[in-house]
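Take a look at this one chain, the form predicted on its own, written out in structure tokens.
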Amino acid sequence: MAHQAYLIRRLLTIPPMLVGISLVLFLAINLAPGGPESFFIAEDMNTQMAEQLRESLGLNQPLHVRYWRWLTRVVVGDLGFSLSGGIPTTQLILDRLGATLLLTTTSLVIAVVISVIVGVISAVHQYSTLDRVISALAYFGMSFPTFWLGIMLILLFSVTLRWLPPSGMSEFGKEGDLLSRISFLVLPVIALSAVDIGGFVRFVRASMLDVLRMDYVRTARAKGLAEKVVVYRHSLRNALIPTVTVIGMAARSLVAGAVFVEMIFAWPGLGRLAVNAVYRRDYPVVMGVNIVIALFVVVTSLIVDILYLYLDPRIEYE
């Protein structure tokens, strides 16, 4: 019951958090130099026409009125219309959301699976040649900037070797071909997950080493249990508890990294949509994308808390 009450309280905190985030974003966008109307109002436009344009866009009203109107529409799922194209912002986001979720989710799953396996192997074989090689590769992965790694991957595998496509999400006429989709996904996933894999491996290794030194692990070994049982049944679950926090934080940072990856690989996702909207000062689209990202961050934090409850039932939330 205590866990259920805690989760209910966490769910109730989500709406106020989103309202606070949206208010900060709204003020930052609308108080920035130039403002969204500067994209539409030319320097040689007369004052009367400029005022009429501001009125038609609803930009002549006070900030608190404009924010309240925007907030009441968002509650019912209406994020407004794109100032540059007149297309509903919700439609633009939904058209791009699937691509971003595919990229980020695939990258996170691959990073977690590889990191847990390699990190455990590195910890079990501490100070061996294999451990040193894994640590060196992890440091290399952590040191590569995402945008630089993406460009190098394109030069190597697309330009030089011609093994994989350099950009896009699918080949024209083969949108339903699974193998074609995977070939377009490989390079962006590598670029996005490489840094996280390096960090995860180091953290899993350190966490496993701490757990393997615990008294209950020594007791399990003294009882004659097989090493695989000791490592994977008695140690790994406890080692993953602090790792979940890092993975949750990385899931949020993946969204920021996806912006660079989507621009480099011309991936039609939310990151590319947001960058283009910023260039056009299309603030309804910028606001809509940021609210979706904020919701993703809040939900990710909630999922991390739920995983805590599963991994360690001893944790009590009062």
Partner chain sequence: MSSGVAVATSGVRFWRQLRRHPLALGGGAAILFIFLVALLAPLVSPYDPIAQDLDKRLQGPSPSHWLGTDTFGRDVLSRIIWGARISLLIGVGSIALAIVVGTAFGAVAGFYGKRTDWTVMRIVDLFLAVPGLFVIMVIVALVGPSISLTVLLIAFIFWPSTARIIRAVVLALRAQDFVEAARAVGADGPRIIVRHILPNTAAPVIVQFTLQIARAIILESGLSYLGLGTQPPTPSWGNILSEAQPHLRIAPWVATFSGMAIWLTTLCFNFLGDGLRDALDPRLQV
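All of these numbers come straight from a predicted model, not from anything done at the bench. Positions refer to the first chain, counted from 1.
Absent from the display: the form predicted in complex with the partner chain. The rest refers to it.
For the candidate spot formed by 118, 190 and 225, no residue has a non-hydrogen atom within 4.5 angstroms of the partner chain in the model of the complex. For residue 65, no non-hydrogen atom is located within 4.5 Å of the partner chain in the model of the complex, even though that partner is not displayed.
The partner chain in the model of the complex comes within 4.5 Å of a heavy atom belonging to residue 260. Put simply, residue 250 is far from the partner chain in the model of the complex: not one heavy atom of it is within 4.5 Å.
When contacts are judged by a 4.5 Å heavy atom cut-off, residue 232 does not count as touching the partner chain in the model of the complex. The stretch from 85 to 93, 138 to 146, 70 to 78, 109 to 117 that comes within 4.5 Å of the partner chain in the model of the complex, counting heavy atoms only, is 138 to 146. Residue in contact with the partner chain in the model of the complex (any heavy atom within 4.5 Å), chosen from 151, 214, 101, 130: 151. In the model of the complex, the partner chain lies within 4.5 angstroms of at least one heavy atom of each of the following residues of 275 to 294: 275, 278, 279, 281, 286, 290, 293, 294, in sequence order.
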